[in-house]
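To begin, one chain is listed below as C-alpha cells, in the form predicted on its own.
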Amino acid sequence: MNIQALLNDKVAAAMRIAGAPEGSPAAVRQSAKPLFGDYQANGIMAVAKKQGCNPRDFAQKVLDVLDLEGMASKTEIAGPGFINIFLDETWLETQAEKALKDPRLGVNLAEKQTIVVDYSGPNVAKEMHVGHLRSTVIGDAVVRTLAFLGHHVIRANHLGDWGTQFGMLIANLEEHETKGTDISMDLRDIEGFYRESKKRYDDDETFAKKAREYVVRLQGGSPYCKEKWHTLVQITLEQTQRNYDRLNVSLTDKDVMGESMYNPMLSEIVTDLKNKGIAVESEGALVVFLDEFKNKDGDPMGVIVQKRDGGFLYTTTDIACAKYRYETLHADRILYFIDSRQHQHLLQAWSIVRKAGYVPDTVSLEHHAFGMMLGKDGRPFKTRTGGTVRLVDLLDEAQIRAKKLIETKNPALCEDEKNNIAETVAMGAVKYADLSKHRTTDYIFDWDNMLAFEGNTAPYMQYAYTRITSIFNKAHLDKNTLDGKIKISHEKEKALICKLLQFEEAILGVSREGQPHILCSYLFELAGEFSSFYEKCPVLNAENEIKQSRLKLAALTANTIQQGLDLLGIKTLERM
C-alpha cells in the first residue's frame, strides 16, 4: 500500500476535472500536524496561481469532485488553499489487516523490467579495501529492493581482470618459477608480489618490454598466459567471496562480468565507430570528439578509443559493456554504482554509445555515484600509518568491538551465541553506517556512533526488532497465528498504522533513486512510532480484543522491520 501515491492519483484526477491542465502534478504529503489532517494536498495553489484564480476557490472545485469514498472520513480546505485529508479509521484498519496477512506486507509488484546493476568491482591480485565497501553494500541493497519489487535483476560484478598489469605479473611469475622460487598463493602475498612486479616494470626497461610482450600473448590466447591469469583471478575471487559472504552480500562467482569478457568486442566496436565517422584518426590514435564536453580552450574534448600502439582503453571497454548489456542481456535499465570521480568518464562513454546507436534512449543509463568514507579528521579513511584499510581488517575490528559490547550488555550468554550476535551486529553496523547516509555525500566513519544502541544505527534497529519479538516470547504467542481484528482505539495506533502503510513508498524511493538511506530513515521512524505506541498503549495488559489488535500491530511492525533490514542485507536476531 502506497497511501501517498494513491492520494496523488486521486487528487490529480480531481484537479483535471476542476480545470487544471493535463499533467498538472498533485503534491500530497503527510501532514506535519496530524491533528489537522493525516495528509495534505498542497499542489493546488501553484495551479490556481498559474490560472489566475483564487486558490481557495479552486481548492473547493477540486474538493467537490474529489473521490475519497471509504478512504477519508473528512476533507477540508485549510489556509490559503490546502486540502486536509483525514483518513478513515476503518479503511486504515482494513489495510493493516491486509498487510499483516500478505507475505509482501502490502507491497505491490512493479511492472517488470530487466535491470542490470553494476556494483562492487574489485581488482584481480589486490585485496578488497574500504574503498570497495560503499559500491558493494549500496549496490546490493538496491539489487535486493529491485528484486523484491519483482524486477528481473542481473547483478554485474565488473571485475578488473584485464590490462597491462597482467603482463608484468605473468612475466614476474615466470622468472620466479625459472629460479625455483616459490610464490605464496595467499592473496595478501599476491598483493605484495603485485607491488614487486610494478616496481620492476617501472625501474627495469628490459622487464617492462617483456611484460608488454606477455600482454600481447595473453590477448592472443596463449595457453601458458591464460593459465597464469586464471590462477590469479581465482585466488582473488575466493578471497572476495569470503568478504561477500561475511557481509551478507548476494554476489557470487556467477555474477562476475570482468573486463576480459568484453575484450573480443573491442576491435569490432572501434572499426564500427570509425566506419560511422564517429571515431577519427588523430596523432596515430583513434579519437571521438564530443561537442558536449569542452576542453579548457573551449574545443570539443577528444576521447581516445584506441591508442597508437593498437591498445584499448577503459572507455572502449565501457562502450562494449553498455552495448552488451542492452543487446545480449536485454536491459531496460542499467545502473552503475561507481565512485563519483568516474562521472565524466561514464558520461563520455555513454555519449559515444548513444551516437553509435548501441543503446537507445528508451534504455536508462544511470550513474549512481557515491561520496567517500572519511576518518574523524575529515580526510579519506586510512590506517594509523596512512595506508589503505583492508576490508577484512575493518570487519575483524567491527566484530571485536561488537563482542565486547555484547559481553557488557549480556554476559550470561554462551560463547557461541555471543559470537553469533557479535558477528550479526558488527556486519549490520558496518553496512547500516554506510547505507543510512545520503549516497552522494562523504561521511565520517565513527566506531562509537555506528555501534551505538541509540539513534539511527543497525544495533538500534536490530534491538527494536528483538524488543518486539520479546513481547510474543513473554506471552508464549506465535506472532503468525493471532486472532481478532485490528481496531484503532488510540491516536498512537492510527499514527503507527499510517507509518506501516508507507513501507511501499520507501521501497519505491530506493528503487527509483538508488538511495538506501530512504529505507533506513523510514525504518528508524517506524521504530520511533512503535516506541510511542508501546509507551501509550499497553499490549499484554490490555483487554482481550484490544490486546489482540495491538499484538497484530506489533507483529506487523516486527515483520516490516525484519523485511526492511533484509532488503538492506542486514540480519535480525531473536535476542541480543
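Residue positions are given as counts along the sequence shown, with the first one as 1. These numbers come from a predicted model, not from an experiment.
A second form of this protein, the form predicted together with a small molecule, is not displayed here; the remarks below concern that form.
- Taking Y324, F293, F207, Y314 one by one, only a single residue has any non-hydrogen atom within 4.5 Å of the small molecule in the predicted bound form, and it is Y314.
- Note on the partner interface in the predicted bound form: the residue among G428, G139, G167, P122 having a heavy atom within 4.5 angstroms of the small molecule is P122.
- Only one segment in the set 245 to 253, 144 to 152, 336 to 344, 169 to 177 has residues whose heavy atoms sit within 4.5 Å of the small molecule in the predicted bound form; it is 336 to 344.
- Within this chain, E127 is remote from the site of the small molecule in the predicted bound form, having no heavy atom within 4.5 Å.
- At least one heavy atom of D318 is located within 4.5 Å of the small molecule in the predicted bound form.
- For the chain shown alone, H158 is a contact residue for the small molecule in the predicted bound form, at least one non-hydrogen atom being within 4.5 angstroms.
- Heavy atoms of H132 reach within 4.5 Å of the small molecule in the predicted bound form, making it an interface residue.
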